[in-house]
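One chain comes next, on its own, written as structure tokens: the form predicted alone.
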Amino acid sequence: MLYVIALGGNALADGRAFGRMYDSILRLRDKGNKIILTHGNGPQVGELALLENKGLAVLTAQTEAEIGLGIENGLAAASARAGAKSPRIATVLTRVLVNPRDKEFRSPSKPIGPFMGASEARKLASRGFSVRKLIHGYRRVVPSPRPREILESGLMRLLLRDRYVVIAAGGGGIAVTRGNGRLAYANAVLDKDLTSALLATTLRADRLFILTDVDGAFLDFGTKHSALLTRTTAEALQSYASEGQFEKGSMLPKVEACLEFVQSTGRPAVIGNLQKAEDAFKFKDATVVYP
């Protein structure tokens, strides 16, 4: 079976969150499964954007390489602890085609960088950056157009055939546009969950797992009535999303990614806690979406 496993950027920012995740991923592979790991980069690319005067596509490539290397090292170390030979691992810098006329370029919504207080948010806004208030504080927001095509998908197929664990589409991939037969960088940060769903659909994956820093999608999140949504259908999940149950720029993209994958493939998708990856892989203590 082919598993596409998306690792949350906020969870990755906390080194303690890795826990037993690498061991769980390697056990999946040892059972004969093929593995593609994707990851977010929101906190990392946001911090880098404050330090370097470069386009967001280039900064995404930098974080994709750096985080990919860290995951490679983590998997190799987990293999060594288990007394096993390190698997073949490859990080693929992944270009993702977007539409230059996507509405996100006019009305950005993707949170990047660290959370901040109201005073710091006002200072950032005075410098011309877009800032949005979320549940846990303020964050900078940037354009996040919908991913349309993954240009390195053919390379990934070859690596999977040769039994590589593939790390790809980091930070949602490097946003590019096509015009006059040429590619150009787009000043955007893509949503890693939507790109992961597109990748999983393109490669005909059997499962899509989205691992983050909470146990799954909650109904009435942030209230005393908050409850984890466990097993659900795509139809029911779509209804909850339409009711505004999930926060934009946070849980909503994960829900939308699951819906896209399940509706396109007829196969299940899971939102679970990165620190409890083993449970999520077994469809336990997580949100499992069925056709």
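Just so we're clear, the structure is a prediction, and the values are computed from it rather than from any experiment. Numbering starts at 1 and runs along the sequence shown.
One more form of this protein should be noted, the form predicted together with a small molecule, which is absent from this view; the next part is about it.
Colleague: With the partner left out of view, is F246 within 4.5 angstroms of the small molecule in the predicted complex by any non-hydrogen atom?
Modeller: Contact check for F246: yes, within 4.5 Å of the small molecule in the predicted complex.
Colleague: Verify the contact flag for D213: yes if a non-hydrogen atom of it lies within 4.5 Å of a non-hydrogen atom of the small molecule in the predicted complex, no if not.
Modeller: Yes, D213 sits close enough to the small molecule in the predicted complex that at least one of its heavy atoms falls within 4.5 Å.
Colleague: Please check if S250 has a heavy atom lying within 4.5 Å of any heavy atom of the small molecule in the predicted complex.
Modeller: It does: once the small molecule is placed as it appears in the predicted complex, S250 has a heavy atom within 4.5 Å of it.
Colleague: Is there any non-hydrogen atom of I71 lying within 4.5 Å of the small molecule in the predicted complex?
Modeller: Contact with the small molecule, no.
Colleague: Of V165, I174, I150, A217, which one comes within 4.5 Å of the small molecule in the predicted complex, counting heavy atoms only?
Modeller: If I apply the 4.5 Å criterion carefully, the residue I get is A217.
Colleague: Which is the contacting stretch out of 126 to 134, 190 to 198, 75 to 83, 151 to 159, given heavy atoms within 4.5 Å of the small molecule in the predicted complex?
Modeller: Going through the listed ranges, the match is 190 to 198.
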